[in-house]
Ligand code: SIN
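Let's start with one chain on its own, the form predicted on its own, as structure tokens.
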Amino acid sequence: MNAPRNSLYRHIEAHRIAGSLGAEITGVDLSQDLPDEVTREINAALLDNQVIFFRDQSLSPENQLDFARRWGTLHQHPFMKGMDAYPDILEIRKTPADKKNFGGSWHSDQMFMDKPAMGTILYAKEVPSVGGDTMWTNLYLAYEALSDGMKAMLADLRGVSVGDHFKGHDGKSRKDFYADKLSMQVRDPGDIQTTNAHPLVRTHPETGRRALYVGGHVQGIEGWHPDESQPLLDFLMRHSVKPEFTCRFRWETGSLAFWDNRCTQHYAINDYPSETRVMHRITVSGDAPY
């Protein structure tokens, strides 16, 4: 591998995959009980690179769950049903019969919760022969590239994120929208609150850096009329996913990605219409953005 090696770590190696964010981590078998010092270096690599990747991993569901629990309590998606035997794991499955994929737009996981997901851990079980890549964007860089005037205007604004009836779904519920497009099972969230407002500029609780906190779940700005908020949100979304802020990862069976939802968005590319892609996803609970 020709990518630059980060020599700050003693137990792992990190090779950057793009100038903006993302690194492949080598020297780690995630199926093993990792020593605390290795876990600390993985966490440092995550904070340094926003999304990290591990290839050639052979993980049982129990292995993936054990790894995920090192970063906190696990979060179950309120709208999508987890695996019967492992409810904390969401099996993301797309077959040739499915017209849509899950996660096929720019977003940050569970922004619609009062405490959005801190991190997501995605493990590839089956991938198409070509296609099915995922992209990420660095929201630190997106914020830092804004003008001082825009930063000042955004400082006290809060974006309203919703978990259902997206504008992009023509106002339909997830269940109705996915009914004839995706075979994954949608469930009723019950009395869980799935509309919440968060700062459009978020301070990362571990690094102290500010990030633009937008994504596909943001449907309005608190206190603003939709006709006022939509142009600004459209600009922020276009700005946040400029190519110079992004990286792209080509999956292989046995690859695992771990990303920080507090400072990234991601986008699953739907370009494999005649093949199947199966991924196991776990989300780690986070805290209230500030």
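The first residue of the shown sequence is 1; numbering continues from there. Computed from a predicted structure; not experimentally measured.
Below, we turn to the form predicted together with the ligand, even though it does not appear here.
- Note that among 193-201, 145-153, 79-87, 95-103, the stretch whose heavy atoms approach the ligand to within 4.5 Å in the predicted bound form is 95-103.
- Exactly one listed residue, out of L122, M113, V218, A211, brings a non-hydrogen atom to within 4.5 Å of the ligand in the predicted bound form: L122.
- In summary, among the residues F54, W259, F67, F245, the only one with a non-hydrogen atom within 4.5 Å of the ligand in the predicted bound form is W259.
- The ligand is not shown here, but in the predicted bound form it comes within 4.5 Å of a heavy atom of A268.
- For H15, no non-hydrogen atom is located within 4.5 Å of the ligand in the predicted bound form, even though that partner is not displayed.
- Although the partner is absent here, H107 is a contact residue: one of its heavy atoms lies within 4.5 angstroms of the ligand in the predicted bound form.
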